[in-house]
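As structure tokens, one chain now follows by itself in the form predicted on its own.
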């Protein structure tokens, strides 16, 4: 089986974060592999170890993203493609999906896998946009993958319970970080990652006019989450308290 797993370099959410005058201030030196993508890489490796095949990771990002790519290679991915992007340019889900769709347009694979969202924006849109651009059957929020006979069996977390979906190859799937516990690269894996190939290409080589990659969404500012209002405690006899609470709920319902 041929897996392509799309990964992203994101800020470490455990690093100190400040909001100052509407600007988000983060430690730019603490960048990591997106947690949802790490789960996607892990699951692809599990399927490969069971059925054979190849796992290749693809990352859009500046030169610094090579560190993130090496992490995925150290986990066990076979090779990687680094699509070099301008570190000063803002990309949104539509921009990323356009670049990825152009890259995969002439590739052969069984499964195109992505994290269901990235921990920096949490928009969760890129996977479905890529699938739509490529005309692929896809499933979201996967918590388990299994190779079938010419198909992928996806266990996904739905609104009311877990669902089992069969997707024909080639297909796309977005993975939850509840899917597994991504392996921590050992010394052997880290040393091996240094010898694995990383193919670097520019976005311009994909035939995309970079002027078309202007983000269609703009963040206008950040602010602290408002403090939660304190609850109200009722004391007295149960019947009396229940009557008071019922009257309060009725008043609030009428106010709506």
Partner chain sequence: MSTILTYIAITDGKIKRSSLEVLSHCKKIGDAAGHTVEAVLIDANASSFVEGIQKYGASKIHVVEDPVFTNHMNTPLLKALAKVMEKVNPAVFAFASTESTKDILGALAANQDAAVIADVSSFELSPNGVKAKRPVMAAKIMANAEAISDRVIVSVRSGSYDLNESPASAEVISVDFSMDENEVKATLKEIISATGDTVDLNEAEAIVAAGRGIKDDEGKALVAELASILNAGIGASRALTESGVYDPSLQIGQTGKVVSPQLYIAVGISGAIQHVAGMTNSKVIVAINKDPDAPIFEVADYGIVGDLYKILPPFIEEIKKIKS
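Not measured: the values here are computed from a predicted model. Positions refer to the first chain, counted from 1.
There is also a form predicted together with the partner chain; it is not shown, and the following applies to it.
- Of the candidate stretches 187-195, 51-59, 65-73, 216-224, only 216-224 contains residues with a heavy atom within 4.5 Å of the partner chain in the model of the complex.
- Contact check for residue 78: every heavy atom lies farther than 4.5 Å from the partner chain in the model of the complex.
- Taking non-hydrogen atoms only, residue 148 never approaches the partner chain to within 4.5 angstroms in the model of the complex.
- At a distance threshold of 4.5 angstroms between non-hydrogen atoms, residue 95 is out of contact with the partner chain in the model of the complex.
- In the model of the complex, at least one heavy atom of residue 139 sits within 4.5 Å of a heavy atom of the partner chain.
- Checking 46, 32, 208, 26 for any heavy atom within 4.5 Å of the partner chain in the model of the complex turns up a single hit: 26.
- Counting a residue when any of its non-hydrogen atoms is within 4.5 Å of the partner chain in the model of the complex, the hits in 168-185 run 168, 176, 177, 178, 181.
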